[in-house]
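Shown below, as structure tokens, is a lone chain in the form predicted on its own; questions about how it binds or moves come after it.
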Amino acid sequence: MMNLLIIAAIVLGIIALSKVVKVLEKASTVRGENTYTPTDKENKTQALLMPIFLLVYFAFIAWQLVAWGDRMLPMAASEHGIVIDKLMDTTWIIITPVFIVTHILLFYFAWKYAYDKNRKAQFFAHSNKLEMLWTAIPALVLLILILYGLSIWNDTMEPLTAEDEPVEIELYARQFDWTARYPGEDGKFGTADVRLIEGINMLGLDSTDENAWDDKYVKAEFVIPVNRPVQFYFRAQDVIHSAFMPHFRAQMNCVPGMTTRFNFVPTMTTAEMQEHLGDPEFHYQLLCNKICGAAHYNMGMEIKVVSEEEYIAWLAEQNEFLKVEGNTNTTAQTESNSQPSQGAEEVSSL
């Protein structure tokens, strides 16, 4: 809190100083003193401040890394997460030296070539070689990074097939909580429609669709097996949310009216991560990474990664959506509002 107050005071001080400078400039203009030539001493003082500011600037960046470095992304716990981290490390390795060198040169030239009435600046209008140099090299580096990132993105987003034997989960977002749905023993998601949301039927499942009868849904937490592909489907009821699972390097927007997808293979169980971190209270989290309203900060869900045997036993104990007797509503079963899933005939979108 104290750091925030100090920063706020500095910002307000800078704003106030800039206003004072503008007032003095206006007053000078009114008095006809709008032309002012700095003295040699003032020029030297301004030049000397440049390297001093550079050192303070770099020291401030170093302090931030020490103070907040542990707030960066946690250890990756998925197969593609390791590859994404390598891409991030490669990007940092390239841009950090460039950042340091360019800023050193910027402030060095501001210090070195401060105004001197005895020195005349050289007029240099144009150079094709220089322009080609500072255009081609950054463009080539960016091209390499983009192609590298694009190849990782394509591999990560490649849809799973039935041959992959994925675990399928639908994550349903609404202000301000999550609900996870699993297909039942038939391996098929039932259809759903926003018009059917009523009472305990928070997902709007169609009770006349037999595929929905054995669908399982959970709210407090959801469980996935380790070392097995997991195919996620995302829906939203009200506004745009963003499903963010930082340890798995997974993030996908949840958009009302459509179904989005993401898949990954978890590589560490919750127990293994707890042992690795030395924290028995640790658990993976599903967060909302899109500001979706007043309680956005509180929109989370626990994720448990367990063995295949533990996952099967846990899933067998979860609640099923059963047929509601007397419900003959079939208007919601429209092909336009459904999304085919891997190993399933369709997963409905809103």
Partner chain sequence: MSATAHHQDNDFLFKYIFSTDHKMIAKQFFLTGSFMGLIGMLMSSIFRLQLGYPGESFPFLESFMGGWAPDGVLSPDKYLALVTLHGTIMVFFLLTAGLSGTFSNLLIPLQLGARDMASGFMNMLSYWFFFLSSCVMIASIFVEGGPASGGWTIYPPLSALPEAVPGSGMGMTLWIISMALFIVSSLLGSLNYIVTILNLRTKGMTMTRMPLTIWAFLVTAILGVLSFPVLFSAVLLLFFDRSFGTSFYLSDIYIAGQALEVEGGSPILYEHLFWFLGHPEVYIILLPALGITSEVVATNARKPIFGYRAMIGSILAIGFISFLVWGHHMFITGMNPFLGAVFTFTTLLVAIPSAVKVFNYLTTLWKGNIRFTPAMLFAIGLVSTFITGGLTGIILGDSALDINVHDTYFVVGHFHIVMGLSGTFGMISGIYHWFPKMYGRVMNKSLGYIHFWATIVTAYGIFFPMHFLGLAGVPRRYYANTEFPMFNEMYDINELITVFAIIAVASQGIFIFNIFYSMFKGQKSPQNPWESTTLEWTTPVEHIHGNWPGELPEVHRWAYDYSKPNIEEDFVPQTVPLREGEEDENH
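Model, not experiment: these values are computed from the prediction. Heads up, when I say rigid core I mean the largest set of C-alphas that superpose within 1.5 Å between the two forms. Numbering follows the first chain given and starts at 1.
Separately, the form predicted together with the partner chain exists; it is not shown, and the next lines address it.
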Task: Among 209-217, 265-273, 144-152, 225-233, the region lying within 4.5 Å of the partner chain in the model of the complex by heavy atom distance - done: 144-152
Open item on the list: Whether Ile200 contacts the partner chain in the model of the complex should be assessed with a 4.5 Å heavy atom distance threshold; does it?
Closed with: no
Open item on the list: Just checking whether Val98 would be counted as a contact of the partner chain in the model of the complex - the rule being heavy atoms within 4.5 angstroms.
Closed with: yes
Open item on the list: Even though the partner isn't displayed, in the model of the complex is Ser127 close enough to the partner chain, meaning a heavy atom within 4.5 Å?
Closed with: yes
Open item on the list: Is it the case that Leu322, even though its partner is missing from this view, gets within 4.5 Å of the partner chain in the model of the complex, heavy atoms only?
Closed with: no
Open item on the list: Need the contact residues for 98-121: heavy atom within 4.5 Å of the partner chain in the model of the complex, sequence order, or none if there are none.
Closed with: Val98, Phe99, Thr102, His103, Leu105, Leu106, Phe107, Phe109, Ala110, Tyr113, Ala114, Tyr115, Asp116, Arg119, Lys120, Ala121
- [ ] Return yes or no for Ile312: a CA shift of at least 2 Å between this form and the one not shown, with the rigid core superposed?
- [x] no
Task: Core-aligned C-alpha movement of Ala125 between this form and the one not shown, 2 Å or more - done: yes
